[in-house]
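Take a look at this one chain, the form predicted on its own, written out in structure tokens.
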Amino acid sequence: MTAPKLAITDSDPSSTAADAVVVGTVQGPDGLALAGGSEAVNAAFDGALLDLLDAVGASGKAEEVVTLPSAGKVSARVVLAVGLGKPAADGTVTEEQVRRASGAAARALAGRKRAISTLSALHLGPAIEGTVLGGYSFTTYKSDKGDGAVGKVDFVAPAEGNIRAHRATLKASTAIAEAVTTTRDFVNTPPNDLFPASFAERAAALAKAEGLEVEVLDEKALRKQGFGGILAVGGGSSRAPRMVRITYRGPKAGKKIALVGKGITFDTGGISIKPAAGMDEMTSDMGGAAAVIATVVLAAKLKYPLEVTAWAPMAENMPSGTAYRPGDVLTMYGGKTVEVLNTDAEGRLILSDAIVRACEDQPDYLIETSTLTGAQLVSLGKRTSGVMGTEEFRDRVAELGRAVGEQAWAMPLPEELRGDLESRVADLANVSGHRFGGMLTAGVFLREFVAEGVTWAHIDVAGPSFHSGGPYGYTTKGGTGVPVRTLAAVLADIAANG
């Protein structure tokens, strides 16, 4: 996908030459109403824009798109009115409403050369993010590439602030959105092209382009250093596993953060093979690794005053004569032993190796994210991530995730679940003997490998990282890029507040 060119403007949107001018509508207490920022466009229609929209059935419903010919009233060829939904009692709309409306508008603008958006007058950053993400499409493997994203979007500057601050917002919001689209690209790339070695190569190239430190451990190095979990999970595939470490050292770095992401490039379930239905979606099982790779590169682009290291263990979980088996006992990195009861609980095994190694560098915070359990979908659905870990930090991560529009909910790690992981022959088993509390039990398992004193959070994105339905808001079909914006918000918050 070619992203649109983005710019800030303080020009009158009614007199700016463009293919379309975007205005917002809301479901006001008295019916359809125009959102803030549309005053100049309405004036150009002699105050009759609302009546025209009402006449063609506009309601202001969230993400509704209505297009009117401008008839020469404004310089743009058409007026594209997009619904924001119901405003608050004081008439304001949220950042997420603007983000979603901008995403819907971006899809409607596909193929146009230039547009000017007044939604940015409400919330600039969300309007930018929504435009980039809503206009995203993955067409690498399609013969017909479609219309493509709108060529250029000018965003009307908010009344508050100055042009320098607005340009800084443009830079940061664009970088965040691009980190999300990078993650989406990784997730959407099919597993015959994205396997551990090629994933590692692409990640390394992305990091080196920003001047970051990169280390890639191949199967020989993994064996020499004792990464038993990664080697076991990847042992059934002809495509050998990898571990990628990418480090960014920011100016005057105040805190050290480790990001760990699950990189299962395809998951058959191994010997404990999955049902055929829906297995194609397991191409997304490396979404956590993609997210942490994109996030550490984002940290470098935005020059956060932090030291951030991304750890991405990568493996393909396949059944074969060399695959690991239920009943095997693995010696993990650091020496702890795990009895395998189910080879489809493989993510926690590669993550445990990476977590132990990451803790050796004594980070102030460790954030791990993964498409870890089907139980996450059972508990929270397809759009809400489950966040576990050190309680205060867990709550902080979940709150920041919700603030940027990535639904997240804090979940407990009940002590009694540790007993369900007792093994007959090893330090612990990789699954419990029942189906109850599977998401929490996986979190309890990971906690066993976090070093004492390390503040940590685990984000289970099994549902939110991949969208199998039609587009909505700024979310398109396939990889979503969740939880990149949460991770970016957490890093920014740590940089500001420690």
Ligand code: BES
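These numbers come from a predicted model, not from an experiment. Residue indices: 1-based, along the sequence shown.
Omitted from view is the form predicted together with the named molecule, to which the following refers.
Three-residue candidate spot Ser237, Ala323 and Asp328; no residue lies within 4.5 angstroms of the named molecule in the model of the complex by any non-hydrogen atom. Not displayed here, the named molecule is approached by Asp344 to within 4.5 Å at the level of heavy atoms in the model of the complex. Among residues of the shown chain, Thr183 is not one whose heavy atoms approach the named molecule to within 4.5 Å in the model of the complex. By the criterion of a heavy atom within 4.5 Å, Arg242 is excluded from the residues contacting the named molecule in the model of the complex. Although the partner is absent here, Gly374 is a contact residue: one of its heavy atoms lies within 4.5 angstroms of the named molecule in the model of the complex. Residue Asp285 is the only one of Glu316, Glu406, Glu129, Asp285 with a heavy atom lying within 4.5 Å of the named molecule in the model of the complex. Contact annotation: of the candidates Arg357, Arg396, Arg348, Arg112, the single residue with a non-hydrogen atom within 4.5 angstroms of the named molecule in the model of the complex is Arg348. With the named molecule omitted here, the record of contacts in the model of the complex names 267-275 of 151-159, 267-275, 199-207, 306-314, defined by a heavy atom within 4.5 Å. Residue Ala462 is the only member of 447-462 with a non-hydrogen atom no more than 4.5 angstroms from the named molecule in the model of the complex.
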